[in-house]
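We begin with a single chain expressed as structure tokens, specifically the form predicted alone.
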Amino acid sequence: MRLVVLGGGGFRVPLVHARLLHDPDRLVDELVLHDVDPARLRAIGAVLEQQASGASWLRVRTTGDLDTALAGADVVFSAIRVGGLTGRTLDERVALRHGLLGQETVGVGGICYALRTVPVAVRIAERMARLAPDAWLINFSNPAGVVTEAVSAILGDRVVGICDSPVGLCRRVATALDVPYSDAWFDYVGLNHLGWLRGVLVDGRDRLPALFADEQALTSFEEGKLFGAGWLRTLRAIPNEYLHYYYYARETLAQLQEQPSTRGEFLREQQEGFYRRVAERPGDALRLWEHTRDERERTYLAEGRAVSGAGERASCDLDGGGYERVAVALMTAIAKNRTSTLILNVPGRGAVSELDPDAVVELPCVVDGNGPRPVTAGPIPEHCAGLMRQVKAAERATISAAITRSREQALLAMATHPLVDSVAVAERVLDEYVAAFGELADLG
């Protein structure tokens, strides 16, 4: 099988490569990395060469030409970041300057990121439809739900969005309950970066109520520390970690404004250092990557932990689902017609009755050779459904703005997002984003 990774010079690519090396099926025998930055490709190529340690059965090629990469692909992983980490820092800083939360996928920062990313993702999908019409597109690119919904207009059900946050949450809750992850059914529903774990079924019994009754277990993992036992018992659900930006918006904004650097600024400095050091010492590429990755994982969502007083991430919290695990499991289920259940971003097709059937949602899907089929979620509490509807409306306006280049739709997306409390501020933020990004000049 020929697997293509778009954004192949990205920092997380060695995680995919390592997963493929340890795949007992050896499903992929050719890995093609595409990136617009040759220096990044060379650096990641050096990491992969040392990681392979003589495993010659998995061939790795690199290219800067999109058509060359896509031609003949069986599966495409899209992990592009339009504007790079410099763009992310602007997404975050502009929002903070106007008293709004700055985060790459949430609020106005996420909307600006999507306005840049959707047009590129759509062009890639159009090339893919021509050059590899039978291939599956597995979308890593953020904001994952928005990009997946936009691209599904071209590729239909052959595009699937993935995120590691839900499965990471489910693994941590299973550990807190002391039940094997593989023995449980996780009742999870929402949008990307806006979901809730509502039940954990083991032998036909929901084990989540027992977790709410056990204070020590409930606060033993990351989400329990972030949200607190009292709020989790009030919700009767465990929220995705990104809901901290909604439930504790005021406190998180204050924390972000006090911090000397945003997450994007931290990652930009860290990764620039990594790629520079690999260019200087290519023989140490794998060791440098491992050290940088450890630092990256331990500082994840630092602002939320500062607000909640959760302290440093525990080692058990570092074991997320892993984009690479979800993506390879999805690819294997489809290619081998091997039935699996995964939490994915797909059109709901009626599985979430509170949203229209074409809306991309994040929920458990049964996957086999026919692709993913979402499992009906059942009634959603109104406080969850209301937030989902409002965010989905902002996502839809964002997609419309990105495709039609409509300033009115871009403003509608920003001004009606639940984390924005002023049309006037939304207008000023949009003006500053348009001035900062050449890709948005036609929205001016």
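This is a predicted model, so every value here is computed, not measured. The numbering used is simple: start at 1 and walk along the sequence shown.
There is also a form predicted together with 6-O-phosphono-alpha-D-glucopyranose; it is not shown, and the following applies to it.
With the partner omitted here, the residue from R263, R171, R158, R198 that has a non-hydrogen atom within 4.5 angstroms of 6-O-phosphono-alpha-D-glucopyranose in the model of the complex is R263. Checking I124, L267, L226, V94 for any heavy atom within 4.5 Å of 6-O-phosphono-alpha-D-glucopyranose in the model of the complex turns up a single hit: L267. Checking 80-88, 250-258, 212-220, 198-206 against 6-O-phosphono-alpha-D-glucopyranose in the model of the complex, the stretch whose residues place heavy atoms within 4.5 Å of it is 80-88. Across the proposed site, Y188, L344 and K392 without exception lack any heavy atom within 4.5 Å of 6-O-phosphono-alpha-D-glucopyranose in the model of the complex. Using a 4.5 angstroms threshold between heavy atoms, S152 stays clear of 6-O-phosphono-alpha-D-glucopyranose in the model of the complex. In the model of the complex, none of the heavy atoms of E354 sits within 4.5 Å of a heavy atom of 6-O-phosphono-alpha-D-glucopyranose.
In the model of the complex, 6-O-phosphono-alpha-D-glucopyranose stays beyond 4.5 Å of every heavy atom belonging to A114. Contact check for Y275: no non-hydrogen atom falls within 4.5 Å of 6-O-phosphono-alpha-D-glucopyranose in the model of the complex. Contact annotation for 160-194: residues with any non-hydrogen atom within 4.5 angstroms of 6-O-phosphono-alpha-D-glucopyranose in the model of the complex are C163, D164, S165, H193, listed in sequence order.
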